[in-house]
Structure formats: structure tokens, C-alpha cells
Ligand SMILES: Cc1cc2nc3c(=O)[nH]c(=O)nc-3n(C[C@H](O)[C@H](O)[C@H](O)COP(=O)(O)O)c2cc1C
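One chain comes next, on its own, written as C-alpha cells: the form predicted on its own.
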């Protein structure tokens, strides 16, 4: 079947090297808006999306994530924008992680569609469960009542202009899906 959306879904790849040039506000808003249209349980729109371009906060995020990783390298691959996704405490809202994951997926596909690179980054759950993480959430403008209720880091996107071409997709494994009629 020939379709531009299906083609984009097959071609999008995680980008692990970014140009230092910042993306435009228009590009950023397009990616963020795509995230807000992700499917979500019961239409609750539980996720919170925070885009960070402030150099000091970017440095803090890089350091915090690297510490959890046990590394000194940049877990966000030098991306000039980091987009954080938060959701309710998963013990209180069972769809929290799934909803936030769909937000991240929508934003990755939107980024690719407009010529940006992205990569899903993990460890935000651990980062934002710390006192430093909670203080950073306050600095990012997350309402205190959400922090107190257990708002959780779901994941993040490294976002920017790709430096070079991403690797081609690995061949898909055999019998990846089944059809039962």
C-alpha cells in the first residue's frame, strides 16, 4: 500500500547526532501540538509536556540523566532541545505510562515529518523521583499539587536538526505479527 504516513512510519529513525543550531519556534510548536493529539485513556489528557531550550537547564538534565546511566557522556546526544513528558502516578492512573508513551511517539513522527531528528530518551522516571528532580519540576513550572500527587517522568525526546543521515532500518524479524481469522 502506497501512503505517505505509512512510508514515514517505516523511514523514521532515532537520531543520535545533532547540529548545534536551535530549531525554530514554529517547528517546536508543531511537534508539541502533535503530542497533544496523541490517543489517551478516557480522553483524560493526563500527560504534561515541557520543552527545554535553556542552556543551564539542558546542562542539568544532561548531568542528571548521565549520573543515573553511570556515564559522563551526553545521553541526549547534543540535541539543542529536550522535550520532557510527565504523567500521573501510575498507581493512581493506570494509563499514565501508556498515554505518555503515545505522546512521545506522536512527537517523534511529527518531528520526522517536518525534517527534524528525534530520539526517545529514558531514565526520566528515576531523574524526577529525586529531590533535585522535584525541585527542577518546580523550576519548569509544574504545579505543586501535581508534584505532591506523584507526577512521574515518562520519557524525553532529544530534538533537533540531524547531523548526517541516520542508519537504515534493521530488517524486520520474521513472523513479527500474526493474523488470526
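Since the model is a prediction, treat every value here as computed from it, not as a measurement. Residue numbers count along the first chain shown, from 1.
Keep in mind the form predicted together with the named molecule is missing from the figure; the text below concerns it.
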### Query
36, 122, 130, 53: which sits within 4.5 Å of the named molecule in the predicted complex by any heavy atom?
122
### Message
Counting any heavy atom within 4.5 Å as contact, can you tell me which stretch out of 113-121, 140-148, 26-34, 53-61 lines the named molecule in the predicted complex?
### Response
113-121
### Message
Given that the named molecule is not shown alongside this chain, does residue 77 nevertheless sit within 4.5 Å of it in the predicted complex, heavy atom to heavy atom?
### Response
yes
### Query
Though only this chain appears here, would residue 22 touch the named molecule in the predicted complex if you measure heavy atom gaps against 4.5 Å?
no
#### Entry: residue 17, heavy atom within 4.5 angstroms of the named molecule in the predicted complex
no
